[in-house]
Ligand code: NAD
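Only one chain comes next, encoded as structure tokens, the form predicted on its own.
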Amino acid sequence: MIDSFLYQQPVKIRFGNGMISQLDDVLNEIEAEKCVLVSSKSFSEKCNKLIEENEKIKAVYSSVHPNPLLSDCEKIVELIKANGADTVIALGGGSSIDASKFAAACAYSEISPKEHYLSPAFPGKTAKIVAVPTTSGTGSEVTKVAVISHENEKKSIHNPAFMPDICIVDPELTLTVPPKSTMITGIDAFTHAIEAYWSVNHQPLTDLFAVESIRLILANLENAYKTGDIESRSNMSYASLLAGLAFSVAKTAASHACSFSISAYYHLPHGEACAFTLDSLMLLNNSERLESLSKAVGFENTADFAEKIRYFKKIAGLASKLSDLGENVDIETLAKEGANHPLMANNPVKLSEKQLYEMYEALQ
């Protein structure tokens, strides 16, 4: 018998190769008049082309940090206000999209972005958001989550105001992503799907999305990393989208709870920080449910599944040992902050500081 559940997804999705060519139609559909385009420096050429093609784009912010900062959001808000913009177009990975979502949500507020960061409540009126992912990883284009850093804090903020109005998922935009970044973002999507599946908030629809995402990533991530062909890129874009649809409701858990301190103190990209503990946490979370998942996606058991994650990290040279983080890693702090992070409440096993300390200690 199927348990009762609630699933809601307000973001309109346009998916397909070359879909970015429909940007003008999208802007007309949401009645956008003046837009601010947000991206990273690596997409400056694409930004210039979009500006040439669309007169509604009045300003560009192309300096979003890899782990987006509150200062990025503040500068985007300044551009929105200076140009009387009603729409933010977020072109890039999760960093550009998250910064755009936060900025759009407080663009018309009477209080500062910093005050919103310290106490995340947002006004009813927000700028519109068009999310255009250029990586296959975060799923941010269909979630109400924005991960923003300020000083030594990296905060995962959940608010309905962050939901994009529409997203354009064009796999061709991922063709220029370098191999290592392809692996890092791919494992981020992998983590979203796996954690959505084991989350205590999982439900039938999120399970379907998560399992299909896992299958697609297992079948395509290595090819996307090694050759970057359009077929594997397209499948990874779809897998990332499915993972986003899964965790937007089920939420992430222990791997993400641990990742924030790893990123904040040791400056790993978000996906790599999630991957650092993912295989270890699969074993700590092991259950009949995870064993069934492992078999369903082609493994003999959960241990074999965890070994595949280690393989992905190895071929791309991702951090997998404490020494990869640097000297004198403070595992006591990592264990304490991970165990007490709010996302740990979504984990099926209530992991203690001691258990996490022992997990990190084993990664010598």
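What you see is a predicted model, and the numbers here were worked out from it, not measured in a lab. Position 1 is the first residue in the sequence shown; the rest follow in order.
One more form of this protein exists, namely the form predicted in complex with ligand NAD; it is left out here, but the text below deals with it.
Of the candidates 290, 216, 163, 147, 147 is the one whose heavy atoms come within 4.5 Å of ligand NAD in the predicted complex; the others do not. Taking a 4.5 Å heavy atom cutoff to ligand NAD in the predicted complex, the contact residue among 249, 241, 282, 177 is 177. Stretch 92-100 is the answer when you ask which of 223-231, 204-212, 115-123, 92-100 has residues with heavy atoms within 4.5 Å of ligand NAD in the predicted complex. Ligand NAD is not shown here, and in the predicted complex it never comes within 4.5 Å of any heavy atom of residue 320. Contact check for residue 188: a heavy atom falls within 4.5 Å of ligand NAD in the predicted complex. Ligand NAD in the predicted complex is approached by residue 138, whose closest heavy atom lies within 4.5 angstroms of it.
Remark: residue 173 counts among the residues lining ligand NAD in the predicted complex, judged by a heavy atom distance of 4.5 Å or less. In sequence order, 66, 67, 68 are the residues of 51-80 having a heavy atom within 4.5 Å of ligand NAD in the predicted complex; the partner itself is omitted from this view.
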